[in-house]
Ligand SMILES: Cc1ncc(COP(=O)(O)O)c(C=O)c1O
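Presented below, as structure tokens, is a lone chain in the form predicted alone.
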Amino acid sequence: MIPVARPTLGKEEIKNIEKICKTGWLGMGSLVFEFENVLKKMFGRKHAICVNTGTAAIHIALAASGIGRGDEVIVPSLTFAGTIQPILSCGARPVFCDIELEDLNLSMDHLKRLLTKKTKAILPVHYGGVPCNMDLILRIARKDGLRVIEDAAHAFGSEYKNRLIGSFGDIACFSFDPIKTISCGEGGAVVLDDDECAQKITKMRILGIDKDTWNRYHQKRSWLYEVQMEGYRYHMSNINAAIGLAQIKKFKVFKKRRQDIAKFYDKELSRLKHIRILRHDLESTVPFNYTILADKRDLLMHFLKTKGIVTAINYIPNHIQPFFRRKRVALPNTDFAYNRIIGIPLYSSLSINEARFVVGSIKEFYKR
């Protein structure tokens, strides 16, 4: 089988984990802080705070920004449920925005129409690693005093106008789960410059405790702590950070490999009249997944499965999910895309022969 996604791991990750196991310090400690420092330097931000998942990163960013009951957060419907649940966890209401069919990112025209007095934040998702129109999003937000909290789970290493996603704006949230561009096994991070908000996030990620964990690591008054605010058990472990530190050293290799595969797919699939290729600048975008809009999508997925090729639908729109559906919402582009989107295999260890087999199988299906 050729999976649709998989982590690319090697001896470096195993070596780092072995070192941590020998120290006996498996929880949050020196490697977490080392990983945070690497991220701060990469993005040029004052703060990088690591947590245990990308969903936790979004939740804690919303909560620390004061998003709460009665507030509205504008968010695309076409995203994983992990983007939406944190909004509800804060007591706020997700307001689902339509997308542009060219790249499956937020529709700016629809976003403007959704703004109300209750709107407190915009939560753009950089779908597949392709950056949203951040200039316009930030301009809209600044005009109305809104917080912009980016779901950058797909966009690690992608650039917007020669700047890394995560290096500007209010807050960016990353995910390092098993199939992301770099993985920590599980993990996430919040990057920002706001000192006050960062202080809240730092406390909230470990049960609202105000405690210098570095001092605890050095056994200085290890018994002393104060609970100062509501918090969660969201901190990252040394084990996860050990994997992340090994992965980030390979990032340039991962980036080029993903871009090369996506360029190959673009060249081969753009010739097919039954396939629509999404817009992406593969010089500045690090593709997380490779999604196409395909005619006879369900039949194509079944055919590829018989060939040993796993595909995915990224994602089931949240406005039609039973738990999130409060009233009927008209999102024509989202509905159109949902009936046609299909994610085909893309990961750093995918061979060019496997990519050719995927393309050849798609061509075979449409020739029948």
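Start at 1 and count along the sequence shown; that's the residue number. Because the structure is predicted, anything quoted here is derived from the model rather than measured.
This next part talks about the form predicted in complex with the ligand, which is not shown.
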{"item": "The ligand in the predicted complex reached by all of C97, P317 and N333, non-hydrogen atom within 4.5 Å", "value": "no"}
{"item": "Heavy atom within 4.5 Å of the ligand in the predicted complex - residue from K180, H110, K200, R297", "value": "K180"}
{"item": "Of I261, V125, I149, A241, the one that lies within 4.5 Å of the ligand in the predicted complex (heavy atoms)", "value": "V125"}
{"item": "Any non-hydrogen atom of T55 within 4.5 angstroms of the ligand in the predicted complex", "value": "yes"}
{"item": "The ligand contact at G82 in the predicted complex, heavy atom, 4.5 Å", "value": "yes"}
{"item": "In the predicted complex, G187 touching the ligand (heavy atom, 4.5 Å)", "value": "yes"}
{"item": "The ligand contact in the predicted complex: A153, any heavy atom under 4.5 Å", "value": "yes"}
{"item": "Residue stretch of 169-177, 264-272, 230-238, 201-209 approaching the ligand in the predicted complex, non-hydrogen atom distance within 4.5 Å", "value": "169-177"}
